[in-house]
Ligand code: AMP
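First, one chain by itself in structure tokens, the form predicted on its own.
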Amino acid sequence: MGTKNSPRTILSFRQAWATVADKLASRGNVTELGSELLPLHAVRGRVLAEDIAADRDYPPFNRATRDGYALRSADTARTPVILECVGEARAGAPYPGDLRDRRGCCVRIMTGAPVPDGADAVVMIEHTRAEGQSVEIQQPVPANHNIVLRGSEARAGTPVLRRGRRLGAGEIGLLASVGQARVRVSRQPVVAIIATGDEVVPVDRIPQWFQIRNSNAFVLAAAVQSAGGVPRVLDIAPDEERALEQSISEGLQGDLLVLSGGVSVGKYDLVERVLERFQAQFFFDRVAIRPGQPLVFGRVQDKFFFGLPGNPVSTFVTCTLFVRPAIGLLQGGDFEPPVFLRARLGRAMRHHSGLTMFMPARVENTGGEPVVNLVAWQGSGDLVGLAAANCFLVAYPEQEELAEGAWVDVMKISEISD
């Protein structure tokens, strides 16, 4: 799509996902953004800028997975059998001897301890009976039973984390275990945020009866930050072309531009018109979802931009579906759209919009199963209804009638706000 006057083509949200992923992933943005070396405690939520290899075998020894006795499996071919306990092994204090030539012997061992040389199995303590140094083994134990073998998790020199991986608690634990006290991560993209509209006023101002406070900028800033970006909230842009042009010019100093409002087809919806003055290229300007159908994505002056609808719930949904995954791509990460989970529908419902619907709802554990019900809400401007929800119920165009108890898709709000 070249300009605002081009014929409008409406995409499914999955087609729009593919478009965003294709346009951003083909740019090599991680090179453009650069990287920085940070201490391990400061990299949560960041995107790895280099491959990380194991510095040694993991585990570095044959590791016991149960409390019990380390032994030679051949000694348990016939059970019950009495073995002599000749020592102990625990985490941080391995048994110093060798069972290779000590037929009929075993070693008391604790979970996580190195398995003694010569032993090839661990019998759980529940399957034994001890009297003094004599231990009765009550059932045969196969080789490698209750043991994680050396190098079975990772061999020295092999990659354990690839460039582009977003770093959460598990990844940080792995980095610590392989000795990465400092980690090279992609620089965080600066995301310029512009709320538009004559009706929008700053949060600290008492609005007149026909005005609303600028909640969208704070929603977007929080979402940008949680996705690994640095939000830069600009002044509210009024519905006036010259002022909007100046705001967009300032916003293009960042790495990504996100506008809220002004993207529909009304007289004062000016965003696309003004972007055309910057020679913008439009990839799509409508997506077959509700709320959030008038959604613009494009590129201008070598920067990508999103124009989101101005109703707060629409802004919330479209930011979740498109802006947050785009921020990950800008850092050289994978395209990670929200994960849809499954729940049973608590009450039957109908919809005939012909669009994919994202409706505020609550999912609860009922009788051991996830059950979802819509919350009371009054449309895409209802932040009170949104605050009562913990997910969005997703209803597809072909699902015009959904029966009570039917399995449906839900998009957890925690995916948005974490």
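Owing to the predicted nature of the structure, the values given are computational and were not obtained by experimental measurement. All residue numbers refer to positions in the sequence shown, first residue = 1.
If you look for the form predicted in complex with the ligand, you will not find it shown, but the lines that follow are about it.
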property: Which of 276-284, 240-248, 175-183, 193-201 lines the interface with the ligand in the predicted complex (heavy atom within 4.5 Å); result: 193-201
property: Selected contact from R344, R129, R213, K303, since only one has a non-hydrogen atom within 4.5 angstroms of the ligand in the predicted complex; result: R213
property: In the predicted complex, the residue from D255, D75, D120, D269 that sits within 4.5 Å of the ligand by heavy atoms; result: D269
property: Partner proximity in the predicted complex: N146 to the ligand, non-hydrogen atom cutoff 4.5 Å; result: no
property: Touches the ligand in the predicted complex: G310 (any heavy atom, 4.5 Å); result: yes
property: Contact of G292 with the ligand in the predicted complex (heavy atom, 4.5 Å); result: no
property: G229 within 4.5 Å of the ligand in the predicted complex, heavy atoms; result: no
